[in-house]
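Next up is one chain by itself, shown in structure tokens, the form predicted on its own.
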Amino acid sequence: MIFDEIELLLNNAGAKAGYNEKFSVTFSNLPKVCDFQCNDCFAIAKKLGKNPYELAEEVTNAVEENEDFLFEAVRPAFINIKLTDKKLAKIGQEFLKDERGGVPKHSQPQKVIMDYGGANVAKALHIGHLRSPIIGESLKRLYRFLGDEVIADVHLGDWGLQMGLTELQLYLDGRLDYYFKGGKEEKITLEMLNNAYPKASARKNVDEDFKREADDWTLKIQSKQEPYFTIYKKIREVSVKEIKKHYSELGAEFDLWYGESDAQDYIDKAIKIIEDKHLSRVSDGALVVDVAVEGENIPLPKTSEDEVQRYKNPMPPAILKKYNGGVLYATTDIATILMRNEMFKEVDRIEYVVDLRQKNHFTQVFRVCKMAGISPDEQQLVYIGFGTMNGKDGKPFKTRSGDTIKLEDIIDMLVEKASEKLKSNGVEYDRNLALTIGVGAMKFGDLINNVDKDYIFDLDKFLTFEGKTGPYLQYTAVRINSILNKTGLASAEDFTINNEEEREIIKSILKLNSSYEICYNNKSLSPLCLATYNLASAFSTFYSNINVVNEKNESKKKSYIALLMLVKNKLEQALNILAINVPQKM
């Protein structure tokens, strides 16, 4: 909003000076010199054959007199803009009164289905399952905050080969005798599944007959043959209960708990649509769709940033049915898009928050859906690929023995490390408090990075109470709440600007507000994380230099309290978008 105000003044001044060109404004690159700047005089002067600095002076001199902004032309041809203390106080008042803190909603909100979470049934959740719910949950909250209607679907992996592998291994281990031979039923447990799947997964890589039998077993499940389908439902029930528990601890909330299996009834319909449009062909007994675009090159993953980019060409065909009639992930994902468009009308976007390594898969799926008209032309299919969590050695984070770390072990590590920090601060053991701080630390450590980048998973660094960390932001909010509890509340009308520290806080809030739209467009929460940290840092400077509780001047004290209320609101607002809770104490 403030950009609109400044640009209106500048453009009116430009017109008054005889220029029809448009002037735009950005935050200043030199915040100690000015708050905003306009760099357009260079290009406009070149176009008109004028001296850039003289043009900047003409426009600046033509700005109508006002009490909110100070305009200055500086060499070589910048227009610097500063906010007056009176304007900063007005902004503070407006933001404190506004329940949204000055962040407008989109004028044309969209209907969005978000696919994130993606845990696989029958497999133990591990560290590789962390980024999708962390990133997806925050993006969902951001979209809703800005006005979009968002439907969040966990989209469980519950219909693929891992189901056949798990059931077959349980059968070979004698755990399913009741279903095939009679006798006493043995209850399927999570421990059974955690043992069966890894054993079967390893065996399929060295035993071709076992792999083929698992394929056939999977087909029987997908055909809903008994007792295979009943066993499948029991496995799914046990797994989903555990998945819900862990996602709840991570603060991930879903509207739909659908899986690949829920798209089963749409598979034949999707394939018929594709076949009726003559898009498919048979290749070595499999049904495929050619999706390659002429002349395209598919980039191969780099092993290092310095490596020369290499390519493979072309995109391989999407496989809809295997040699034995079984379906694959591409088939269920295509059927799921069909299901979503039939269940939820006029969906503007469907977004997937998944591992970067699935990029080719989703390229194939999206192309088939567009070619077949399963996804309307105007609908956006969006792939948001994320990098991996690496250890301090730069390699994917694993246990010392080389095994992938389970999610429940990660959560235990977070609680243990956070408890140690709290103990050093004199706070007694409280698992819920430690979980809030530990999970918040991990989330901020993830989200401050660009989504598509790998990053180092360093709990010691994440859990420090200083610097760009989740606990630092949580602690700042806790500290402000403590001060407000001691001093009481003030009103927005008490807002005045008394010093440079207050100026910096209001300017930090303006930048924080602008970061929401940047995050929305970039599909990354990094700008919001950085802007929230900068606000907390500006408050820390204020807190170090000004004693609010002992301030003798009543007018100043009320103004300080109003400022604290605003900072508290803005921090909690931002942390809520990041799905980071503010504890009562730290």
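Residue numbers run from 1 along the displayed sequence. From a predicted model like this one, the values you see are computed outputs, not experimental measurements.
There is another form of the same protein, the form predicted in complex with a small molecule; it is not shown, and what comes next is about it.
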property	result
Stretch from 304-312, 163-171, 329-337, 510-518 whose residues place a heavy atom within 4.5 Å of the small molecule in the predicted complex	329-337
Contact label in the predicted complex: Glu137 to the small molecule, heavy atom within 4.5 Å	no
Non-hydrogen atom contact Thr84 with the small molecule in the predicted complex at 4.5 angstroms	no
Contact test in the predicted complex: Tyr197 vs the small molecule, heavy atoms, 4.5 Å	no
His361 within 4.5 Å of the small molecule in the predicted complex, heavy atoms	yes
Residues Ser280, Ile319 and Arg367 all lining the small molecule in the predicted complex, heavy atom within 4.5 Å	no
The unique member of Gly101, Gly251, Gly445, Gly157 whose heavy atoms fall within 4.5 Å of the small molecule in the predicted complex	Gly157
The single option of Asn120, Gln264, Asn449, Ser375 touching the small molecule in the predicted complex, heavy atom within 4.5 Å	Asn120
